[in-house]
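Coming up is one lone chain in structure tokens, specifically the form predicted on its own.
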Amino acid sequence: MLQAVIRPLGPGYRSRRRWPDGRPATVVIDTFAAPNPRLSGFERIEIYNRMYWFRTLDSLHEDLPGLRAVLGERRFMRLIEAYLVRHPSRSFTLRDLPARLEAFIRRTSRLTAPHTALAADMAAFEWAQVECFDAAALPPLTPADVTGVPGSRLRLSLQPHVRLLALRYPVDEFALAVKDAALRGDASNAVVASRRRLSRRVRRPRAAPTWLAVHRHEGKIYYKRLDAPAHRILTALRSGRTLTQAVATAGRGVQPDQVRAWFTTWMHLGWFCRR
């Protein structure tokens, strides 16, 4: 029954009449779905088959506006239909649907070429926001918690909701431009047409190494640009390095005052917590 419910829809978004092995689908479905006075077994299961696909496609459509803008509506729909065939929903919550989308995009570049790298970056960025939204927030570290502990012994943990990204494209700026264009479109009398033209109106960004931290502050999601050395420090701390070891990853060109300013900001934002 599960296979019947999650198998891809056919033409006209109706259930396919053939089972994957070539048998008539009605023959297979009649073994576990009885008819009622109004519907055949096939027609009863078709209701759930269509519900599954419409709901999962709609969920990804809403969660991934940036990826839609990168690819355009048609290519986006082809991508996520292929993705759901390979990675059907396995969770009680639709929240988890995009979890493996970035890796899928990188493995199946034919679906997103010539914008595969940008699409993968955008999928990673939008999934990071999903994770950040409901990840835990532990009591933040205070200056008193670290006073007197030498850097060679001090290990700092990052809040579970902080997500660190090293990307090839400035997807944060692109996402803001897409959001702004959508808001302007919603204010017009042609909302649907505006959304269809979204990818044409917002120019895709050029490649430029970008380091981001996606985080939650006072209940809202933000993304903050990082310098490459700052990203290396935070990544090292998250992996369990001591403060001294983590700061060493920044490289020789970074000044102590700069590192001090970074840590002041991160402490103020509550990014650190006890291990």
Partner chain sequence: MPANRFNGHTDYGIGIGLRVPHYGHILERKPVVDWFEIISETFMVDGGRPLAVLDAILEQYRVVQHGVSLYFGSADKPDRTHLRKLKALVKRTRTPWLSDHLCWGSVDGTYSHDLLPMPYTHAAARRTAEKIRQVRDFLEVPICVENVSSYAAFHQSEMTEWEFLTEVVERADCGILLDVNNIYVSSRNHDFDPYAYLDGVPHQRVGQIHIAGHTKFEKYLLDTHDHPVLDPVWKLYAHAIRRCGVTATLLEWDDRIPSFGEVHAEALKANAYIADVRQAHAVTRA
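Numbering follows the first chain given and starts at 1. Definition used throughout: the rigid core is the maximal C-alpha set that superposes within 1.5 Å between two forms. Just so we're clear, the structure is a prediction, and the values are computed from it rather than from any experiment.
Not pictured, yet referred to below: the form predicted together with the partner chain.
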| field | Triplet 32, 88 and 94 all within 4.5 Å of the partner chain in the predicted bound form via a heavy atom | value | yes
Answer key: of 117, 154, 135, 82, within 4.5 Å of the partner chain in the predicted bound form (heavy atoms) is 135
Only hit among 224, 241, 217, 44 for heavy atom within 4.5 Å of the partner chain in the predicted bound form is 44
Would residue 206 show up as a contact with the partner chain in the predicted bound form if we use heavy atoms at 4.5 Å?
no
| said: Taking the partner chain as it sits in the predicted bound form, is residue 6 in contact with it (heavy atom to heavy atom, 4.5 Å or less)? | reply: yes
Q | Touches the partner chain in the predicted bound form: residue 211 (any heavy atom, 4.5 Å) | A | no
Exactly one listed stretch (226 to 234, 63 to 71, 244 to 252, 33 to 41) reaches within 4.5 angstroms of the partner chain in the predicted bound form by non-hydrogen atoms, and it is 33 to 41
Note yes or no: does the Cα of residue 36 move by 2 Å or more between the shown form and the other one after the core is superposed?
-> yes
